[in-house]
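The form predicted alone is given below as one chain in structure tokens.
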Amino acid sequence: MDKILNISKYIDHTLLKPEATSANIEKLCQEALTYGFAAVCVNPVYVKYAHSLLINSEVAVCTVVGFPLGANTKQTKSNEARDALKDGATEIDMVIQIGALKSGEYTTVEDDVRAVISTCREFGAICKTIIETALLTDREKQKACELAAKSGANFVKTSTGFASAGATEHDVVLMSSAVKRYSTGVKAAGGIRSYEDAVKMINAGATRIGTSSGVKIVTESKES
């Protein structure tokens, strides 16, 4: 297994459980500071609190929009993103309109993604688009990535972590290939619980890792 240097910089330290408490978020943020993670990823209600804990640090505050189903209107998603960015988020992970994609309604998918990207750009923020690979065919995954990249997404992301399956090496390779002609990263998320898992995803083409096991992954990296 190849050694990945500074693996902490790949990690979005994530806590999106509905039962997460303020104390849990405080612990998440302290761990992010201690281990030097790229970002914390929290639900919108905790953005302002996470921002207050991480202000003047290098750890970004990421939140989710249209989560976890992607079935909100583009106006709702745009407004949700704007509220989060005003509260201090600098990265938005938005779920695409999955049903529209599967129906071949590609203009609807693009319009949805562009609405959130436009809001992010107003604030100089990063936008990642979650395509929910567990619900798509390979062709649909490829098309979703192409639409997102063409619309200006900074990253395409595999999963919410709330579907039947999360990231796979196969999907990361497929997604990386789909966006290689764009300046678009790939975020692997869902089911990444060990250093070995993370290394496999990075070697497959992931440039960011979403996980709730960040501390375990960094600890294992030092032992390998």
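All of these numbers come straight from a predicted model, not from anything done at the bench. Residue numbers here begin at 1 and follow the sequence given.
Beyond what is shown, the protein has a form predicted together with a further copy of the same chain; the following relates to that form.
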Indicate whether I98 is a 4.5 Å heavy atom neighbour of a further copy of the same chain in the predicted complex. yes
Quick check on S118: any heavy atom within 4.5 Å of a further copy of the same chain in the predicted complex? no
Does a further copy of the same chain come within 4.5 Å of any heavy atom of E91 in the predicted complex? no
So in the predicted complex, is a further copy of the same chain close enough to T137 to count as touching (4.5 Å, heavy atoms)? no
Just to be sure I understand the contacts: of I25, L16, V215, A204, which is the one whose heavy atoms reach within 4.5 angstroms of a further copy of the same chain in the predicted complex? L16
Contact set, 188-211 vs a further copy of the same chain in the predicted complex - heavy atom within 4.5 angstroms: none
